[in-house]
Each structure stands twice: as structure tokens, then as C-alpha cells.
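Shown here is one chain on its own, the form predicted alone, set out as C-alpha cells.
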Amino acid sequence: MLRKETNGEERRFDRDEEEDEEENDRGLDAWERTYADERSWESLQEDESGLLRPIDNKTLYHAQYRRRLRTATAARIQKGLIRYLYIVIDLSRAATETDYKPNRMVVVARQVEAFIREFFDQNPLSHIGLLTLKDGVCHCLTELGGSPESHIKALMGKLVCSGDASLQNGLDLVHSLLNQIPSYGHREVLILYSALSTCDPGDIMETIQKCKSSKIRCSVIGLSAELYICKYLCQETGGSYSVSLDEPHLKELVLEHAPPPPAIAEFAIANLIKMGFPQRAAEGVISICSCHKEAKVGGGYTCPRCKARVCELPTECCICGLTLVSSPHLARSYHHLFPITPFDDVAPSVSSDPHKVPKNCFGCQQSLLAPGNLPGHSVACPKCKQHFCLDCDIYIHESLHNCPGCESFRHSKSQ
């Protein structure tokens, strides 16, 4: 009896200690627990004079960027340059949660706006459409189009949350809209899901199989927690599923969908696509716009087949159905097929030798030396061996898509 009582007292004391630890954890605020876990003060460093040196966030960001760049250019993979993407935004009651400041709806709208601009910058031949989930119904906010401003304007004017989200209704509407896309177009869906459940009228598994048979790539970014049905949807359709931790992480996850993904095997067959290159209409000429069905003065473009007027490019002629693009659009899409080779990091042993490493960046001519005339972080092109700073490395690979050192060497060789 005495041994049993002793064991019972020990278990009771252990339980009390665990409860005390839990109470101590609850006593910390969220921001205190964050700093307690990360221990960010250990990242501080001192310079040669004993003063605190700020944390080098630029180097950390550049390291993350180079990891993504190496993954994207690891192998030559055929990519789809003509994409038809629908963004499905969850505007149910779950979007009013305030774990993202000021709430999930505002944060998602902000990231979708940035994504739309980045998407059209990297995919000038592609189209985007917006759908919203609320009150158990999926609403079509904008049709597929190539105008970023019209999509953003429509989104910012309809930011109202209510009811529950229905994932099945969203997939059904997406399937009916994307099923009409020609075979050369790559069908994609990006779902920004805030809810922890889905209120569906039928069997969602059948809907997922319909999307799979129609070659619709579905990707989901969750804002709350991982859901099995979302993970199963992405696995079946070849998409990606991820859950964001905070707003910067959400931005990174959303922008990962801007570059064109690898082409599905059935779409990897080469196709010839008929396109038209319209001419700019003369200023001051009054004509009827085929896309807005109203008279407009000056500007616009004239379809080379049916002579109809359209407002912007790229688009599809509303009269004859011809795909209308401009030559710069094709040129901007070209870099996805032949990306620039990632630059090599300059080894510390090499950078410490002043005779081997130039003092200035070849691109911006800024100094590559850190404070105190110490060698700073730099990269080198594996072909022309020119050295660049971290900012120029990101600019060359994300915006310029040409190495200045290789281009200058090619130009001097031709002369």
C-alpha cells in the first residue's frame, strides 16, 4: 500500500510540474516566444572597432534565391509558355481571421496583386482569371485575360468575406472554364485556401478525377493548416501543396508559381500555333473596340485577319479568334527555354587574393569590397569569368536574362 501511494504521489508531482511548465509557456506572448525560439540576438556580430554590426539580411536573401535558382535550372525541362491560370481565392469566414495582420483577406489580396504583375512580366503570352469562394458557391470575378490592371481592379472591388468555402464547386467551375482551352495551352489552377473544411454538395473525389483527366494542374497554398483533401488534389493533378507560416513565407510560396512549370507529358508534343502581329492604330481615329463593344478614339491595335480593333496585347481576337501578340512578347518568353547558367560563388580563398579578384562589379561598377577593405560576397560567370555583386546577380537572372560580360565579349569578338 505504501509503495502504491508513493507511486501515485510521484505521478501527481510530475503532473504538477508539467502543468507548471505549460503555464509558464502560456505566460509568454507570441512575440516573446518567437524571439525565445529564434534567439536572434546570437546573430549579432561585432566589427573591428567593437561596434555591433547589423545582421546581413541581404546575404541570407541571396542564399535563398540561389537555392531556388539552382533547383529551377538543374535540368533542361520543357516548359509551357502559353499558360491559362485561374486563381481561386477563399473569401469565406475563415479569411477574416487575424493571425495575418490586419487579416487573411487583406494579406492574400496584397500577394495576389503582386503575383499578377510578376506573372505577366514572366509570362507575356499567358492569361489569368480570378474566382472567389464564399457562401458555398464559386463566383467568377474575371474571365481569362492578359490585362493585369483589369484583374487587380476587379479584385480590390470585391473583397467581402461571408459563409463557407466549397472546394468542389470551385473545381467544377474551373473544369468547365478550362475544358474549352485549346490543347497547346497549359491549364493551371492556384487555390489560396484559408478554411479548415470544405462544404461540398457531392463527391469531391469524382471532381478531382475529372480535373486529372482534363490535364488541369491544381496547386494549393493553405493559410491555416494542412488538409488531406488539398494534399490529395495536388498529388493527383501534379500540382504542389504548401502551407504558409507568415506573410513573407506566403509571398515566397505565391511567387514560386510565376515561372512556367514543367510541361505535362501529354502536352510536351511540339505544336504550330497560328498567331497574328497587329499594327498600332493611328492616333485620332475613331473605331469600335471589339472587346468593350464601344467607340474609342485613337490607340489600340488592328487584327491582321479581320481588321477588328482590340485595346491591348496579348489577347484573342473576339471576331476571328486569332491569337494576337507582339514580337517583344515572344522575345520575353524566350529566356524560359534557355535560361542563364547560375553564377558561381567566389571562394573565400580566391577572394582574399587582391590580384585575382577585381575590386568593382562588372555590371554596376560598385565596389566588391566590404567595410574595412575586406573581400565581400561576389559571384562569377562560369563562361566569361567576370565578377558581379549580389544585386546584379539577381537582376541578371530575373530581369535582364543576359550576362553583360558574355555579351560584351561576343560584341568585341564580332568586331
Partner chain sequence: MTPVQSKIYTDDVSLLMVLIDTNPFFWNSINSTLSFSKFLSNVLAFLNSILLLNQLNQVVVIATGYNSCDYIFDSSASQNHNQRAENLLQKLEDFVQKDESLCRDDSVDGPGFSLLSGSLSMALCYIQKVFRSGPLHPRPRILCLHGSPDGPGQYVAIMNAIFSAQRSMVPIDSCIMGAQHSAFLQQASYITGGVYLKPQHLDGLFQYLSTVFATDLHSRSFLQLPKPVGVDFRASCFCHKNTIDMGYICSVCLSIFCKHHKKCSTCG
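Fair warning: this is a prediction, and the values are worked out from it, not measured in the lab. Positions refer to the first chain, counted from 1. In this text, the rigid core denotes the largest set of C-alpha atoms whose superposition between the two forms falls within 1.5 Å.
Not on display, but discussed next: the form predicted in complex with its partner chain.
Enquirer: Are any of the heavy atoms in Tyr100 no more than 4.5 Å from a heavy atom of its partner chain in the predicted complex?
Expert: No - in the predicted complex, heavy atoms of Tyr100 and its partner chain never come within 4.5 Å of each other.
Enquirer: Using a 4.5 angstroms cut-off on non-hydrogen atoms, would Leu155 count as touching its partner chain in the predicted complex?
Expert: No - in the predicted complex, heavy atoms of Leu155 and its partner chain never come within 4.5 Å of each other.
Enquirer: With a 4.5 Å heavy atom cut-off, would you call Gln365 a contact of its partner chain in the predicted complex?
Expert: Answer yes; at least one heavy atom of Gln365 falls within 4.5 Å of its partner chain in the predicted complex.
Enquirer: Might Arg280 be said to contact its partner chain in the predicted complex, defining contact as any heavy atom within 4.5 Å?
Expert: Contact check for Arg280: yes, within 4.5 Å of its partner chain in the predicted complex.
Enquirer: With its partner chain left out here, work out from 196-204, 301-309, 136-144, 87-95 which stretch has heavy atoms within 4.5 Å of it in the predicted complex.
Expert: It is the stretch 301-309.
Enquirer: I need to confirm a contact call. Of Ile191, Ile128, Leu250, Leu125, which residue comes within 4.5 Å of its partner chain in the predicted complex, counting heavy atoms only?
Expert: The residue in contact is Leu125.
Enquirer: Work out which of Ser176, Asn271, Ser213, Gln235 lies within 4.5 Å of its partner chain in the predicted complex, going by heavy atoms.
Expert: Only one option qualifies, and that one is Asn271.
Enquirer: Any residue of 107-126 with a heavy atom within 4.5 Å of its partner chain in the predicted complex counts; write them all down in order.
Expert: Heavy-atom contacts to its partner chain in the predicted complex: Glu118, Asp121, Leu125.
Enquirer: Could you tell me whether the Cα atom of Ala282 shifts by at least 2 Å between the shown form and the other one after core superposition?
Expert: Comparing the forms between the shown form and the other one, which are aligned on their rigid core, Ala282 does shift its C-alpha by 2 Å or more.
Enquirer: How about Gly321 - superposed on the rigid core, does its CA move between the shown form and the other one by 2 Å or more?
Expert: Comparing forms between the shown form and the other one, the Gly321 CA shifts at least 2 Å.
Enquirer: Kindly check if the Cα atom of Gly299 is displaced 2 angstroms or more between the shown form and the other one relative to the superposed rigid core.
Expert: It does shift by 2 Å or more.
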